[in-house]
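In structure tokens, one chain follows: the form predicted alone.
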Amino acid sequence: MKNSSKLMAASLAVAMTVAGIAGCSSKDAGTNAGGEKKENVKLTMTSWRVEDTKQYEKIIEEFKKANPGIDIEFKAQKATEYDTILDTALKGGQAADIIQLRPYSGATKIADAGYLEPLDSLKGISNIDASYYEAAKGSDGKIYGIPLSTNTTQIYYNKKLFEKAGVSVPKTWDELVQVAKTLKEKKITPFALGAKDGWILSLTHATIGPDVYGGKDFVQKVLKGETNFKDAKFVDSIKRFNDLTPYFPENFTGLSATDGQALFFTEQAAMYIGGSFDLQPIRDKNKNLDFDFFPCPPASSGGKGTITTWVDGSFGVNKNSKHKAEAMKFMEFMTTKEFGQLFADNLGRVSAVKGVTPKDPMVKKMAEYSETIGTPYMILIHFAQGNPSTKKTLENELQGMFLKQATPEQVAQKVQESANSWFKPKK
């Protein structure tokens, strides 16, 4: 019991340190119209995006120009540790004033636990399309987060390494496999991948799988109970992933997701299947890297290919914040076109705010593809529940497959067993 108490105290101390103690008043900020003394308020804002810290600090500076007296300290933790740290901080009453929420079930879980302020009546809430809020609602149907963006997944490629190997952007899946084969023959690692982190495996499967199992149509059939994950098409999508094994880096099962990304931006691998959220970090790591991206190519010529999409995380207000009014000011700011443009231009992302046009050509292309050939990230949007979640089950089983401990059929069987434990089709 004594050790348990010490451990809890230590965890709380860490959470207080990294998540930040809820906003504290500080210096005199002058007087208001009634002659009353005002105090500066310093809010804390937490996130799992350490790599975005400088960009958010720039955005916060713009917010402060129109809101003197409100300062915000952006404090991010490692993505792999964020959920545990946030959970400890929330339970200890020491979470930040503004909290980044995982999309869909991640936001719902925290909202249902009573830790967030509803935002339905927030000024500017209609500046974001209502469909985005499906990723930031509680079970009561209320909105608890302001969504940031539409995420996409695609295949990044190194132009110099493609030219060196004498290959072009593939137009079909068979051409992509041939490109990978040629790169390997030229002693160039075709795909950067680190399979130690399960999330990158579900994301990679979500990128290359929809063209095999049928994208949106298959998702609707699963949701209606007309088919399930044991469907031959879904099994074939896992086989497609497994068939790429010869083109992954040596010992890729022992590499982390960041190790995999590093192989791409250090030009040790020619292609990287990643999210739109990887774009700016890759640029930051290697400003001279000449790269572009293409959608997952179709099985046959004449097809359109696919880009996988989903609504990214959101930011919500801690119900226990001592400065909710000031935190709500920042929430209002997040719904403005000014914020959306700053977000798109500084973070290289597709903003959720209506009317924002990305200036960056690659971001603009991602936005266009998401409208024309987008298909939903099924396992994240619809199957992130269960204990362990069906999404986590897929990731664990894919890791087992790459360690030669499971066949694609067995992966699909386990995923369906997980879904059976909680999912009820809507017929």
Partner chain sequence: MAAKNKNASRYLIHLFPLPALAVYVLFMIIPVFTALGYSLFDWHGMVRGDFIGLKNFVTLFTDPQLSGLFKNAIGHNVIYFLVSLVVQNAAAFYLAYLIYRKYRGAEWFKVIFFVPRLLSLIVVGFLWNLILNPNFGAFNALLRTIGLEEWALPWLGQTSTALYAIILVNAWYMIGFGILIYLAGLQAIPQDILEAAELDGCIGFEQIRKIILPLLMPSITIMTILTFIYSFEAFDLIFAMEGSEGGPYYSTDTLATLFYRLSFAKDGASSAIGLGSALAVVMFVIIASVSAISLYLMTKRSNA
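Since the structure is predicted, the reported quantities are computational estimates derived from the model, not experimental observations. Positions refer to the first chain, counted from 1.
The following text describes the form predicted in complex with the partner chain, which does not appear among the structures shown.
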Using 4.5 Å between non-hydrogen atoms, is K42 touching the partner chain in the predicted complex? no
Using a 4.5 Å heavy atom cut-off, state whether T393 contacts the partner chain in the predicted complex. yes
Is I60 close to the partner chain in the predicted complex, meaning a heavy atom pair under 4.5 Å apart or at it? no
For L116, is any heavy atom within 4.5 Å of the partner chain in the predicted complex, or not? no
Out of the stretches listed (246 to 254, 171 to 179, 217 to 225, 338 to 346), which one is close to the partner chain in the predicted complex, meaning heavy atoms within 4.5 Å? 246 to 254
So the partner chain isn't shown here. In the predicted complex, which residue out of L279, I208, V167, I110 has a non-hydrogen atom within 4.5 Å of it? I110
If you check D231, D71, E332, D87 against the partner chain in the predicted complex, which one has a heavy atom within 4.5 Å? D87
Checked 387 to 407 against the partner chain in the predicted complex; residues with a heavy atom within 4.5 Å, sequence order, are N387, P388, S389, K391, K392, T393, N396, E397, Q399, G400, L403, Q405, A406
